[in-house]
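A single chain comes next, written as structure tokens; it is the form predicted alone.
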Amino acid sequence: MAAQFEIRCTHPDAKYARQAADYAFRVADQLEQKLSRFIENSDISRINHLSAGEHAIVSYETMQCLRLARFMHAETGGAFDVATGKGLESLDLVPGEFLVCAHANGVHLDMGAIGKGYAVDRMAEVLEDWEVEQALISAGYSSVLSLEPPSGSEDWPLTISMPGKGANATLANVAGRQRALGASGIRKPDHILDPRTGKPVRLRQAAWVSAPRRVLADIGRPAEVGSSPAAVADALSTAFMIVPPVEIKKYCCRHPGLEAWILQPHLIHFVNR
């Protein structure tokens, strides 16, 4: 997933907390082996090598992530898409059998826009199972999930900053408590494509999405893949690189508590409920 994962947490037993964090990191490593298109025998690589009429058996986690990606594609009117060629519309998903069937050649998936958030969500589940609940988890600083804040603090202080400008270019402050924050941008040239046109996104520099975990979990609930708020935030931030501001505002109004920021040259839009 080409990202550095970090956990910040507090707990009376430091050794116990480190063990919990180590296990959470192992979960992220396992997901990397399944979801990365750069790993030769990953689930996604095997799907990308399918010809029409062929199928692949994938892991439970990969199937869940694919189902969520397909749902977010529909939820955003096609603005979010994990395909760089032919995509999920060319695949049949059979969740009960963990089967992915291709009915066209040229399928090419890249789960980077949702995989980091999905991994962060699964890491959060590990920490909560271990009762390490005062924690902040991030992946590449673009997928962030806050659980409870440290004792004596009201929240984890999060900042939204001008891409590439460092801490001195703060655009907004976000109070992180049971909240997810997703970010997308074009620091890499032609990194994000508009799936509806196939052309690179160049007029919008960055987009951020933040909301309480419960709000984002409710958005993704129809996908029936469990609570994945960080993954939903990731998908929305990618979609909001493309969606017109008026449509973003309408979407936020339909989901009270959802906030979004979009950065265009010399202009930042703050969109809230």
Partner chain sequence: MPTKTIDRRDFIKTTAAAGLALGAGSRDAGARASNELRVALIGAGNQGLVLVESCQKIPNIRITALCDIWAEYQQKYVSNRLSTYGHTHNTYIDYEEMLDNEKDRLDAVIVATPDFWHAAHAIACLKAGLHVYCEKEMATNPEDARRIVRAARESGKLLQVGHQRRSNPRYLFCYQKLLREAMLLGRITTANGQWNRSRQDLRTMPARYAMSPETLEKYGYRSMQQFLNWRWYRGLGGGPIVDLGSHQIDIFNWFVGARPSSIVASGGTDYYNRETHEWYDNVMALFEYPTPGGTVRAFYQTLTTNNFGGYYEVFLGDQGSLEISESGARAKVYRDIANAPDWGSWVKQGLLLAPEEEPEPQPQAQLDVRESVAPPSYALPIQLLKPYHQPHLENFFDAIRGKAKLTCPGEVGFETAVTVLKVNEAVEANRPVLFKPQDFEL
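All figures in this text were calculated on a predicted structure; none of them were measured in a lab. Numbering follows the first chain given and starts at 1.
Keep in mind the form predicted together with the partner chain is missing from the figure; the text below concerns it.
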Requested in this report: Would you kindly say which of Q205, S59, S227, S36 lies with a heavy atom within 4.5 Å of the partner chain in the model of the complex?
Outcome: S59
Query raised in the report: Might R46 be said to contact the partner chain in the model of the complex, defining contact as any heavy atom within 4.5 Å?
Result: yes
Query - Interface membership of R26, the partner chain in the model of the complex, 4.5 Å heavy atom rule - result: yes
Query raised in the report: Do E89 and the partner chain come within 4.5 Å of each other in the model of the complex, heavy atoms counted?
Result: no
Requested in this report: Mark F98 yes when one of its heavy atoms lies within 4.5 Å of a heavy atom of the partner chain in the model of the complex, and no otherwise.
Outcome: yes
**Report entry** Triplet Q19, N41 and D129 all within 4.5 Å of the partner chain in the model of the complex via a heavy atom
**Finding:** yes
**Report entry** Candidate stretches 174-182, 72-80, 130-138, 102-110 - the one whose heavy atoms come within 4.5 Å of the partner chain in the model of the complex
**Finding:** 130-138
